[in-house]
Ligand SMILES: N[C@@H](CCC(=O)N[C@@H](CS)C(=O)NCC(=O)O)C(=O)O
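One chain comes next, on its own, written out as structure tokens in the form predicted alone.
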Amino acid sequence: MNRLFHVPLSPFCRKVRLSLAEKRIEVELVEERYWEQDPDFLRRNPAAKVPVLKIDGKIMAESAAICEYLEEKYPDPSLMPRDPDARYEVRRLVAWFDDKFHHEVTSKLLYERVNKKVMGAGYPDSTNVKSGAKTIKYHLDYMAWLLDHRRWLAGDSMTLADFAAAAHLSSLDYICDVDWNRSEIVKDWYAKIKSRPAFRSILADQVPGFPPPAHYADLDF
């Protein structure tokens, strides 16, 4: 049985979960408290990070590398375009969300509000929270600009770029940190992507002590 060692609200784990589900690859989800440095987990990934995917007799780490492997090994349905320029744009946007958006927004909101409490690492830093709440507006405006020119974030077809963005935004939506009224076009995009069957397990996530808002699993908001 394929296994994914993950944390429910991790956007990197969610990106891999979405790719697996979209490609209809069955996987057992194993929640991993990676911060506890369990020796068995460290043997799977000495970097002590999730996600870690056990598939095809291999153990794989790093979400970007995992998603690229899944795309090459299981190309149908495709989450990457054939054209080199279009593939570049997908990779650029995946990096945008997993690097810039994560550093400026996710780490300052989700990690401060949820991860610190779960890990017993203290209280949220209000300066970080304020910074994340301010910066997410810029990112939502950038997404709105992209979607004003394209059907999906990277072009006319849904790609891994959409899953990378949705992975971060769904994690933040779980704690009500996304102002969906800021952009109707971004809200419509998210409603469209979270209505996909691949999103079902993500919308069913529950984190003890952090109940999701009523709209979280509502496909029509």
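Because the structure is predicted, anything quoted here is derived from the model rather than measured. Residue positions are given as counts along the sequence shown, with the first one as 1.
This next part talks about the form predicted in complex with the named molecule, which is not shown.
> When you measure heavy atoms, are F12, Y34 and E62 every one within 4.5 angstroms of the named molecule in the predicted bound form?
Yes, all three are in contact.
> Which of these stretches, 62-70, 22-30, 183-191, 156-164, has heavy atoms within 4.5 Å of the named molecule in the predicted bound form?
Only one stretch qualifies here: 62-70.
> Give a yes or no for Y111: in the predicted bound form, does one of its heavy atoms lie within 4.5 Å of a heavy atom belonging to the named molecule?
Yes, Y111 lies within 4.5 Å of the named molecule in the predicted bound form.
> May I ask you to state whether K49 is within 4.5 Å of the named molecule in the predicted bound form, using heavy atom distances?
K49: yes, in contact with the named molecule in the predicted bound form.
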